[in-house]
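Let's start with one chain on its own, the form predicted alone, as structure tokens.
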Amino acid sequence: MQVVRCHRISSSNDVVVSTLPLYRSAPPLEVRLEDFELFAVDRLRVLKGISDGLSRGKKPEEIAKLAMDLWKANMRYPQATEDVNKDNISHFVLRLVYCRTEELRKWFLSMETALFRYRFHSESSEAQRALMSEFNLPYKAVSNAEFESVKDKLVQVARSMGQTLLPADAIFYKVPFEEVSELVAGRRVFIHKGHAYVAMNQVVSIVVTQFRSHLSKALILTNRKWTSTIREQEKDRLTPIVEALCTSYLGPDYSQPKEFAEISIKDIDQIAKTSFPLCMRHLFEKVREDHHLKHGGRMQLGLFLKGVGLKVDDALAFWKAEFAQKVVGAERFDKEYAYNIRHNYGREGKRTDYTPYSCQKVILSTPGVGDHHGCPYRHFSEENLRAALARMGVGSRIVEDVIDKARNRHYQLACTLTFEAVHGSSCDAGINHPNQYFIESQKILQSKNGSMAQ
């Protein structure tokens, strides 16, 4: 069993005693290598779920519930002590993963801050006060005498936010107003002589600001240590895991067809129009049009077709009908192409059953001149993307929404919006895999038609 000793990547020696860690220093724990990765993947499911919810424009209360549901589903252990260990370990592993570029740091900082906010809200008032003391914030609760002197003003602010009365045990803190700009902008605090009177239930704004500031600085320090020592020291063990985690696909395995057993060559053209995502539909149309695809396109489309149930013999017949008869000839096809097709199905070489590409892998591919693989939402020009969406029957208003998502690099959300427009049905889980798109499409068409659309 391989064991990883967590690197201390913060100079602070403060000990976290709250049920909600502040992650000031890496825990001095020994971690099994498999847990090192699994814990990080579980936390990543939570952060990506929050990210998807925010990108889809969910309301704050919906995001808060989503975040806590995701936390319970992915981060809970039967023993409370193990909960805390997993929490700490997973955070620091992902801190290593996401410290490496400015873009990665920005995403991780935003998602961890959002998660901290929701978790802080769910804590008891006693736990919240304990967290405030751990931050050593230079704020004291307003005395009873001062509270009585400004009580009428505090009541007015409360009423403006829909509260009829202040709780009998209300606690307020007096804070420099510039430190709670979010509350000031929302007119949710009373300001007097440069100070804002912040209710205990609003303290999250102060604490989150402190948390974000600490984590932002810590990510820079972590990056320096990763670059200078850890990456080289762990090049044969941790480095490959760390460098792969941010692009990990977290969904089901589509190496074998699931809900729908197989598709046949005679039905493939119709099914491509109704149930292929744009990336695969584009490749399929190019095969029919040019009778050829470069290696990247053949791999992306070929593994997708395997995953949706095209049998190996049918796959050979499909590619041969296009390539052999119209471009390369039967002899060259059998020598150069047939082997690779059988290899993808685990029939040649190491007998490895290759997995269809996830959205993440498709998005991160780098098609060159003459290539047609990759993600249209990332790699198409806006003009070409508009035209492709129009051919799929996406209305002009939705096209603009899709283009906007693509422009802001929310490529999977752009695909999800396309799916919803084409099928007239919501997809709350979001599209994370081309084969998922196919399966969800077939489910909808099956329910509409009483049997699988052919």
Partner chain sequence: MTKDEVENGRDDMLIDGPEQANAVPDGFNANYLRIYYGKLFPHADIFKWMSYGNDGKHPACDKSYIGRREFSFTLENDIYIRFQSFNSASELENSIKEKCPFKIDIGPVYSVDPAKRHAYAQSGDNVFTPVERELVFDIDITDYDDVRYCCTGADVCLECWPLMTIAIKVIDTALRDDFGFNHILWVYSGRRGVHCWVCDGKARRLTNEQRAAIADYFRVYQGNENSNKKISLPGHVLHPFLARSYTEVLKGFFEAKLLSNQNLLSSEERYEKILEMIPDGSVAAELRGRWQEKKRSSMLKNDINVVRWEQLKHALQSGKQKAQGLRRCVEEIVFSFTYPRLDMEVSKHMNHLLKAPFCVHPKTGRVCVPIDPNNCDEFDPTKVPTLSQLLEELNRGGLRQDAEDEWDRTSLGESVTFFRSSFLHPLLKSCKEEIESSYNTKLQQAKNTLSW
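Keep in mind that what you see is a predicted model, and the values were worked out from it rather than measured. Residue numbers count along the first chain shown, from 1.
There is another form of the same protein, the form predicted in complex with the partner chain; it is not shown, and what comes next is about it.
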Quiz prompt | Triplet V157, V184 and G194 all within 4.5 Å of the partner chain in the model of the complex via a heavy atom | solution = yes
Exercise. Could you spot which one of C99, M111, V142, V189 gets a heavy atom to within 4.5 Å of the partner chain in the model of the complex?
Key: V189
Quiz item: the partner chain isn't shown here, but in the model of the complex which of F177, F318, F380, F333 has a heavy atom within 4.5 Å of it?
Solution: F177
Exercise. Can you check 148-156, 272-280, 337-345, 309-317 and let me know which stretch has heavy atoms within 4.5 Å of the partner chain in the model of the complex?
Key: 148-156
Quiz prompt | Proximity of G162 to the partner chain in the model of the complex, heavy atoms at 4.5 Å | solution = yes
